[in-house]
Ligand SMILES: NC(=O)c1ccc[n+]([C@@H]2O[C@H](COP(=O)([O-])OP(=O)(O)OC[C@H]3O[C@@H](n4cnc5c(N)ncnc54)[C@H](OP(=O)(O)O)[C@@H]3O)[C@@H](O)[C@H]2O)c1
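Given next, in structure tokens, is a single chain: the form predicted alone.
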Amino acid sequence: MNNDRRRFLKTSLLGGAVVAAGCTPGADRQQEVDSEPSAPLKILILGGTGFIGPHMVREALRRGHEVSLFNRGRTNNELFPDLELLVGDRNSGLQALEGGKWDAVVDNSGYVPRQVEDSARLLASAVSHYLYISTISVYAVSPVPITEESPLATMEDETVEEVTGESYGPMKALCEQRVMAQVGADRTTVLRPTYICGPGDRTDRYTYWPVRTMRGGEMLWPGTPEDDIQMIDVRDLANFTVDCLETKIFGTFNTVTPMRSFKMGDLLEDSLAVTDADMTPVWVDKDFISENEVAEGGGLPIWEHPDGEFAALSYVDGSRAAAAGLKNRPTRETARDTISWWKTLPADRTDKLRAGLGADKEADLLRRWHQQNA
């Protein structure tokens, strides 16, 4: 696996999955549901107190469902003090789940195939619906567009349990397969999100763009305003997750903004609109970006070189999920609510962004770009 593939997995989707934790409540938009309200469900969430979990919990509770959480009880316990907490560990510590019965389980904390297989085996007779949150990192390099039938990434040693930039995608693909084998495709839903954005994200991959805009001055923007990108608002993912449980939507779905509907120029306009900042964008040529390895180490999250080997990762077909009911809110709403959430955080959290270009690196690149084009 080359450095480009390794960089993508490590700095884009891996960061969001493994690091994400801690969520400040935001003003979740209520999604309209066309069907009649379903009977209350008993839902088990494996995790529930990181980034995406709390949004799913709140949406399920808003719709009148009963929610239980299974986790180690060490993170953000103050979020849901009134919910049933089953304390355990996915690494051979599933005893708290034994004997339980639920209508559905949402597995958004499974990365190691052995552990996911263990939980799926135990819960296969305890639930009627298993929903697994995967990632578009499961895909191998593929022609445009990437669909749910595109080839999946593989690994030579399927016993590896260390989550790294190289192993993350193949391990998630194996996790999907283990769930299907234990529970059955007719009772399983797999959601494959791209960059998950919005209030509560600790990775700062999307957040970098509006926050850096808010800080003003000259700002480096890669490529052109027409370069395509994709994301998914965490609340839209949560809404669709609960929709799938309520209406028993089974199968595999790419959960993304519509292909070719969102571009770097749109991200710029959203960032300016929600910050009203005095920022001057400087569009830097894609080849200059590559020659200087700007994106190496996560310097330019979300954007991919449009002629690069992994340009296809910005062209993921989400039409199957849209047909099943996934609704994407306006991207400007995501930008607005992300900035609102960011402003509530303490200084020790906001002093240094966890993704994007550092101030010194950005200034050096802009200086060299201006010199080259003087």
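So that there is no doubt, residue numbering starts at 1 and follows the sequence shown. Owing to the predicted nature of the structure, the values given are computational and were not obtained by experimental measurement.
We do not show the form predicted in complex with the ligand, though everything after this point is about it.
Trainee: Heavy atoms, 4.5 Å, the ligand in the predicted complex: which of 214-222, 105-113, 243-251, 286-294 makes the cut? Say which one.
Mentor: Heavy-atom contact with the partner occurs in 105-113.
Trainee: State the residue from 138, 133, 264, 175 whose non-hydrogen atoms include one within 4.5 Å of the ligand in the predicted complex.
Mentor: Exactly one residue meets the criterion: 133.
Trainee: Please tell me whether any heavy atom belonging to residue 205 falls inside 4.5 Å of a heavy atom of the ligand, as the geometry stands in the predicted complex.
Mentor: Within the cut-off, so yes.
Trainee: Would residue 90 sit within 4.5 Å of the ligand in the predicted complex, counting heavy atoms only?
Mentor: Residue 90: yes, in contact with the ligand in the predicted complex.
Trainee: Could you confirm whether residue 54 comes within 4.5 Å of the ligand in the predicted complex, counting heavy atoms only?
Mentor: Yes, residue 54 lies within 4.5 Å of the ligand in the predicted complex.
Trainee: Check whether residue 306 has any heavy atom within 4.5 Å of a heavy atom of the ligand in the predicted complex, and answer yes or no.
Mentor: Judged by the heavy-atom cut-off of 4.5 Å, residue 306 is well away from the ligand in the predicted complex.
Trainee: Can you name the residues of 180-206 that have a non-hydrogen atom within 4.5 angstroms of the ligand in the predicted complex?
Mentor: The stretch touches the partner through 193, 194, 195, 196, 202, 205.
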